[in-house]
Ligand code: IPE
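Let's start with one chain on its own, the form predicted alone, as structure tokens.
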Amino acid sequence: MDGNGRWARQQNRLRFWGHKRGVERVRSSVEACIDMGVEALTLFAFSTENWKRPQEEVSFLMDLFMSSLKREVKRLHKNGIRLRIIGDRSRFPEKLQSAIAESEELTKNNRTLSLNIAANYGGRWDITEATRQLCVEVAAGRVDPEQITQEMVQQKITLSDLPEPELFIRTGGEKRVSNFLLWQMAYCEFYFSDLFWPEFDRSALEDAVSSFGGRQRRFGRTSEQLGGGIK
């Protein structure tokens, strides 16, 4: 969800205002995903690298995260949405950690949509954590290092209970993944938009999904094997 600050500057407003408008866009995107039958939506809200931003902006984002949780969780629950926050929570204020835990507990049995918010998340952190967990099991004698498989690593990776992501969307004109779901996106389709996140409305989302629908996903096979004519 890139471009909140740059979009705000274009409107001659403060970056903070752009972040607030970005939260509003989250709500409309969740509604659109439900209408389209999307099973899981993962939004990159705050990366492990974002702590490098000015302290004033980081503090604002933490406060915005807290207020958004309190304001939206009942709405999410009412609409059958399961909320999960992925990432290293240990750096968050205790009140925010508690609010996250309460929100997840309230919505844990919902099945309409799995909404995952990546906060203080990084793909390298995710893989490192999975590796660390496997090392603990090896040290305890429960796992033979010669028998470690990709499937075993996958079980330790965040969101391992969900299907792998199929479509990655980045707004704001940048064309990189920025340490997001590195393991999970091995076979993901990519879609980059020049629109800033606050501009990325339902129509733009539908265009992204339509683009995805027109692609042939071969997973190493040929088009002929899939019944197509393109090699």
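The numbering used is simple: start at 1 and walk along the sequence shown. Since the model is a prediction, treat every value here as computed from it, not as a measurement.
Keep in mind that the form predicted in complex with this ligand is missing from the display, and what follows is about it.
Colleague: Select, from the options 29-37, 158-166, 179-187, 48-56, the stretch whose residues sit within 4.5 angstroms of this ligand in the predicted complex by heavy atom distance.
Modeller: Heavy-atom contact with the partner occurs in 48-56.
Colleague: Does L61 reach this ligand in the predicted complex if we count a contact as any heavy atom within 4.5 Å?
Modeller: L61: contacts this ligand in the predicted complex.
Colleague: In the predicted complex, does R15 come within 4.5 Å of this ligand, counting heavy atoms only?
Modeller: Flag for R15 set to yes.
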